[in-house]
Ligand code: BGC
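Here you get one chain, nothing else, as structure tokens; it is the form predicted alone.
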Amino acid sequence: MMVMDHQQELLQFYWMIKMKALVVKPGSKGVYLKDIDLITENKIKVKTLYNGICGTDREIVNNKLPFVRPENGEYLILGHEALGQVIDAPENSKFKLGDFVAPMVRRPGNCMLCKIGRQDYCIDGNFAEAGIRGKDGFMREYFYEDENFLIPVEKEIGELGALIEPTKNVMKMVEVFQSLKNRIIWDCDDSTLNCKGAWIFGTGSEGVLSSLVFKSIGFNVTIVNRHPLPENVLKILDKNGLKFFDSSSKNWKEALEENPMDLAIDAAGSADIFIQVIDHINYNGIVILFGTSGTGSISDGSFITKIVDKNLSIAGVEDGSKKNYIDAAKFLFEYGSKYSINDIITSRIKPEETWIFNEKPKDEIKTIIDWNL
């Protein structure tokens, strides 16, 4: 009887255990590391290992996104980029103790596309996004998750698992590109892409990841910014045979002779970039727009004539499907060492170092939160 009472006491303690989480109050600035109750569910229990920090997180903390909303109550747990490890699972689960997993961000609403697993193409906007709108995120010690929204990850991937979520966006770009190029005979005469040039506008983590992914499928890649790059970014480009073009130099002719622009990806979101792309891309080119900063404006309608005259295909890309996550995990596992992708992670911090959301480290490409520090 004494043993049973002690077990019950331990069980009661377990159900009441608290965990640390990074939370925001939508509608106001600031982020806080708080102790919150761990709510037990009959789902996969995951211990968080790493979180990536991106511009969206910083915009949420600084109250710059109007659509941010909590799942319950006043506070929202932040974080949508994560790698975790399974520490408990129901008997009939496909996951087991010790498995490494990455959670999906967007959760389906009720539209036709959401019901078939393509909530990345949601029609009515009735979806939730972990750490952003309507669902608590993963910047916490533990979380419970439906196994349908967990991606299996190779154990050896390590901290690169924190890059699966942003890399899935790039895999969505590849999916869209493959669809658009099939409208005509677009490949080179040896059925590869080795005569084609991909230009990536933006040199943040998304831009660098895009450059590496499109290199892996055969493109010659030029990455673009309007100012010189820091040494750590140039090191990644040089190591992987990627070209860099400083668009402030205005020397487009030489750069385009070295690598013609057949595919352009805007990971920055500037209207000025869009106009530059339309001016310099080849006939039958493909333009993929991913950046969402919304800066600049287009007042000259002549660029529409250029789009038509050049027979361009232009597509906006948002989020990604489960397959895109799986492809991202596979890419990082297969190319992590070959491309030295760990160099993209420039800072590793503790959860309590909340200054990171307001003070971007010098020469940052990607900062991750390491819950084991």
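Computed from a predicted model, the values in this text were never measured in an experiment. When you see a residue number, it is the position in the sequence shown, counting from 1.
The following text describes the form predicted in complex with beta-D-glucopyranose, which does not appear among the structures shown.
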In the model of the complex, does each residue in the set 67, 106 and 319 place a non-hydrogen atom within 4.5 angstroms of beta-D-glucopyranose? yes
Exactly one of 276, 169, 203, 220 has a non-hydrogen atom within 4.5 Å of beta-D-glucopyranose in the model of the complex; which residue is it? 169
Exactly one of 326, 38, 315, 54 has a non-hydrogen atom within 4.5 Å of beta-D-glucopyranose in the model of the complex; which residue is it? 54
Among 265-273, 91-99, 129-137, 210-218, which stretch has residues whose heavy atoms lie within 4.5 Å of beta-D-glucopyranose in the model of the complex? 129-137
Though only this chain appears here, would residue 196 touch beta-D-glucopyranose in the model of the complex if you measure heavy atom gaps against 4.5 Å? no
